[in-house]
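Taking the form predicted on its own, here's one chain by itself in C-alpha cells.
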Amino acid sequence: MLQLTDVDVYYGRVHALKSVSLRIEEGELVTLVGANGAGKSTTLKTISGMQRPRNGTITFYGEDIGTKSMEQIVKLGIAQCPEGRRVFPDLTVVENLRMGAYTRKDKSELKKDYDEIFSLFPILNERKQQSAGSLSGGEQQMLAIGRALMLRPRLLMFDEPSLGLAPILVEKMAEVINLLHNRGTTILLVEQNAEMALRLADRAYVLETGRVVLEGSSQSVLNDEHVRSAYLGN
C-alpha cells in the first residue's frame, strides 16, 4: 500500500530523515518506535505532504505522492490524527466531524458515519453541540480520531494518541486502535508508549536520529535487548 524508499528530509540544514525506507501492507498496523527527535513525527508529516522529501520516493498504491499537495494526499484516502489533537476549538463536535469529510462526494452517507463514531465514542454524542474547545483532553482526542475516520481513510496515521491522557483513557485509545485494526483499517502508529504500540502492531520500525536501525515483527522488536533497554525500561 505505502512504500518509502531512501527518503531524506531536511529542516533547513538539519538532516531530519536519513535514507528512511519502510513499507505498509494493506490491513497492517505498523508502528514507529524511537526517542523524541528520532524522526517519527517527521515521517508522518512527510507522508501527509506537510514536509517535502529532498531525496527518495513515497508511493501509495504505486502512485508517487512525494510531490503532491496535502489536499491531494487526503483525497487519496490518507488521514492523520495529529499530535496535540488540533481540533477546531470554536466549532461544535458535529462541525469538527464534518470537517473530516470535506473531500467526500457521498454526502448522503455521512449520517451512517456519524452514527458509527457516536457508537464508538458515546460521550461525543452527548457533547455534539458543544464547542470542541470546551471538551476535556481525552474527549478532544476522541474527536480527532472521529474527524479522521469521517474521511473513510484507506490509511490512518496516529501521532502520539495517548500523549497527556490519564491511564484509563490510554487504555481506551489502545482498545479503539485495536478495534479499528480488527475492522481492517490500515494504521501507521507513532506512540510514546512503546510497549503498548508494539503489543498492538503487526510490525515495527525503530528510528534513531533519523535512521531506521531495526525493523521486524512487533514481537521480535519487543524482545530485542536494545529496544527493551532504551525504550521499555527493562
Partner chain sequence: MAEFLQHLLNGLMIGGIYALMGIGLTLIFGIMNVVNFSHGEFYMLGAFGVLTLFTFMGVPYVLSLVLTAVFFFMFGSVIERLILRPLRSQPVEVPMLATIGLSIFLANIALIIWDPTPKDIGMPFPLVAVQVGPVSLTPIRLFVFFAALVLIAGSHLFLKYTTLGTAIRATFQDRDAAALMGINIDVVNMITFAWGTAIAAIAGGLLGPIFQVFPTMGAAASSKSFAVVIAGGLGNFPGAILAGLLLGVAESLGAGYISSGYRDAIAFIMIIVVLIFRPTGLLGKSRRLG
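Since this is a predicted model, take the numbers as computed values, not measurements. Numbering follows the first chain given and starts at 1.
Heads up, the form predicted together with the partner chain isn't pictured, but that's what we're talking about next.
Taken together, 61, 76 and 154 are entirely out of contact with the partner chain in the model of the complex: none brings a heavy atom within 4.5 Å. You can rule out all but one of 24-32, 197-205, 180-188, 47-55: in the model of the complex, only 47-55 has residues with a heavy atom within 4.5 Å of the partner chain. When the partner chain is considered in the model of the complex, residue 91 lines it closely, a heavy atom lying within 4.5 Å. Heavy atoms of residue 100 reach within 4.5 Å of the partner chain in the model of the complex, making it an interface residue. The partner chain is not shown here, and in the model of the complex it never comes within 4.5 Å of any heavy atom of residue 140. Taking the partner from elsewhere, residue 112 is found to have every heavy atom lying beyond 4.5 Å of the partner chain in the model of the complex. Shown without its partner, the chain has 147 as the single residue in segment 134-151 with a non-hydrogen atom within 4.5 angstroms of the partner chain in the model of the complex.
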